[in-house]
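Given next, in structure tokens, is a single chain: the form predicted on its own.
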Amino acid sequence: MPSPGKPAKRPVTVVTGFLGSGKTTLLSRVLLDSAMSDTAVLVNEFGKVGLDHHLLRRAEEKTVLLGHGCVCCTTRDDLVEALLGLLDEEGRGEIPPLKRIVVETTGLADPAPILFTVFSHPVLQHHYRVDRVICTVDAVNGRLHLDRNPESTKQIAAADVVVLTKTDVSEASPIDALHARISGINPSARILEAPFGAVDPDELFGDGAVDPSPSGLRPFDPIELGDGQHVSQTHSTSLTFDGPVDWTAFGTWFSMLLHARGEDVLRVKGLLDVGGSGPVLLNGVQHVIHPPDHLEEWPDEDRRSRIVFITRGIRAEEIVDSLETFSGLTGAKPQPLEANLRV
């Protein structure tokens, strides 16, 4: 909750997805809704997209690579300029108060630099917050993209909501298989279908679109992937903890993991019991971690700590073994829900 007299931060939604997966079609339909009139949209291909929106702005995806060479921790200078410009226009009364900003990435983009830019910029972090990442997946070609393009897997791993597009021209069996595969990559993401690019804006942007809990924690079955030559080794690991977790000790372990293997930790999402009335919400993409959110109450009756790691080249047993060495400090023993899945 914002403090009295302090305006709420404007939510930023990132829309990502592989080439041709229907990002622009989805946005063009959603933006027709009157409830989206005060939404600013930042796109890369200004003048070449099928969007007719009065708050359309261009963002050219100019990045600045930091000295340590980490690709996920790059600054999007174009995004800084565009978001500061929106604040200036709003302050001068040239545009209405913004309810939301949507950033559409290019088809090969990694969403992490967008998150890093908002979280790390000394001005933006006080006016904007990353609300969610939405990823579009082509129901017709999605399996092929996942088999051959690691970028597609990373985009799904980063998502809070996955939207299956072109379901109107795909048969049911491939759609069901794609549902299972997406859940295998990112068990915490909500999956929606958008035939003809149509989906209820409330389903995408309403409070119910993103469940704070990493739902669906369960054992996973191996999935056949077809052409193995092009498959990246991505693993999904789901854990629960037996008893409360020492937040300081867990934070130390987690910081060490990110320092050592941050670019290979594609996504982390979880609820941790730290002994309070509600859990700590942990949410991050690669090195870029949302500020931990201490919730006032649990979202459901299950009050166990549970967390999902989506990693590249880090197997489930490595995470469990590492955590168990900290079990005396964290105060809880990790209980793996077997999830050693190549996707």
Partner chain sequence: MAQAHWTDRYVEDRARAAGPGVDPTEYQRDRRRDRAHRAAVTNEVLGYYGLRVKDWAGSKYLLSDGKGNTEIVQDLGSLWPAAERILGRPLDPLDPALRERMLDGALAR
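Just so it is clear, the model here is predicted, and its values are computed rather than measured. Numbering follows the first chain given and starts at 1.
In what follows, reference is made to the form predicted together with its partner chain, a form of this protein that is not presented.
A.B. asks: Heavy atom within 4.5 Å of its partner chain in the model of the complex: which of Thr106, Gln233, Ser120, Asn141?
C.D. replies: By the 4.5 Å criterion, the partner-contacting residue is Ser120.
A.B. asks: Among Leu192, Leu124, Leu257, Ile182, which has at least one heavy atom within 4.5 Å of its partner chain in the model of the complex?
C.D. replies: If I apply the 4.5 Å criterion carefully, the residue I get is Leu257.
A.B. asks: Would you check, heavy atoms only and a 4.5 Å threshold, whether Tyr128 touches its partner chain in the model of the complex?
C.D. replies: Output for Tyr128 is no: heavy atoms all beyond 4.5 Å of its partner chain.
A.B. asks: Considering non-hydrogen atoms and a 4.5 Å limit, does its partner chain approach Met36 in the model of the complex?
C.D. replies: Contact check for Met36: no, nothing within 4.5 Å of its partner chain in the model of the complex.
A.B. asks: At the 4.5 Å heavy atom threshold, is Ala177 in contact with its partner chain in the model of the complex?
C.D. replies: No.
A.B. asks: Does its partner chain get within 4.5 angstroms of any non-hydrogen atom of Arg303 in the model of the complex?
C.D. replies: The answer is no: Arg303 has no heavy atom within 4.5 Å of its partner chain.
A.B. asks: Given that the partner is absent here, state which listed stretch (196-204, 259-267, 74-82, 93-101) has heavy atoms within 4.5 Å of its partner chain in the model of the complex.
C.D. replies: Stretch with heavy atoms near the partner: 259-267.
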